[in-house]
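Next up: just one chain, as structure tokens, the form predicted alone.
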């Protein structure tokens, strides 16, 4: 259907407003991290830094534990995304292709996990992890992140498996391929949009997780970025420059990761939405 001039103007204006709502806060955070403290807290905020300085980044990287938090978050988020992708792919294949008793009930039971707020299971998880010695370990955060990301990831992968014709597997079976070889060399390459979508979802969810990281991690050397950045906020005084520099650097891994797999991520969301 051909769109008229008023419709085009409304569409462009809507996109401009949406882009401003999303990008303007990020620009203000990034540009303010290069300003001197007096310009950051000025009554009349500036769009571009008039007093360009790198002192906040030098202080952040030289005197704080930000590099340690950064490495911890990267390790936890990468491991959580990898485990989530592997388990969601296997579970999605099982729930769609394999026939076993209670399959539909088990699938719905997994999705029920989203009905409970995370704060409700915080204490039971803490007690369980304390009994098995997982408190103050990266493994505890990986387990929690995978637990919360897995139900949605399984649901997405199941929709992607539904888009693949069974004839592909039947043809591979006729040629003598095992079920594992069929999955690795035929199905997985076709599922790259879905794998990219759940990988980014799991990575970002793990990267920004705060509640469990603040409770399950005790030592400062094991803290992740959200918890570490909260420690920069003092009780009586806030170092805004340090906080803005940390916030600017903390989004870099997500941007880089999205740059590598973003083209599959968009395709994955749209394909999964229409199934």
Partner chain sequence: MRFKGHALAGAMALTVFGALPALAVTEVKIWHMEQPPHRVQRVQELIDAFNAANPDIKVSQEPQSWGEVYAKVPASIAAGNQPDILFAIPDFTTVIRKVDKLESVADFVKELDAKHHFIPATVEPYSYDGGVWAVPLYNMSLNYWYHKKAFADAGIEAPKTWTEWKSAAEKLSKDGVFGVGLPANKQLYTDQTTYAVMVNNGASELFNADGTLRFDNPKTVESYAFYKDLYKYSSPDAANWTWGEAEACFASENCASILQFTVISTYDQQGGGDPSQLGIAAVPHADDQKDSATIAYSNAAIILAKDAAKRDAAKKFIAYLLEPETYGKFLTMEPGLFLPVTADGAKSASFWSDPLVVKYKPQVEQMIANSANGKLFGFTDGRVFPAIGPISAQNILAETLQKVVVNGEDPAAAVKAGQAAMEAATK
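Residue numbers count along the first chain shown, from 1. Keep in mind the model is a prediction, meaning the values are calculated, not measured.
One more form of this protein, predicted together with its partner chain, exists but is not displayed; see below.
In short, of 214 to 222, 246 to 254, 26 to 34, 46 to 54 it is 214 to 222 that has heavy atoms within 4.5 Å of its partner chain in the predicted complex. Across the proposed site, 123, 232 and 238 without exception bring a heavy atom within 4.5 Å of its partner chain in the predicted complex. Checking 130, 190, 181, 86 for any heavy atom within 4.5 Å of its partner chain in the predicted complex turns up a single hit: 130. Only one of 164, 177, 135, 204 lies close to its partner chain in the predicted complex, with a heavy atom inside 4.5 Å, and it is 135. Not displayed here, its partner chain is approached by residue 42 to within 4.5 Å at the level of heavy atoms in the predicted complex. For residue 68, no non-hydrogen atom is located within 4.5 Å of its partner chain in the predicted complex, even though that partner is not displayed. In the predicted complex, residue 64 approaches its partner chain with a heavy atom inside 4.5 Å.
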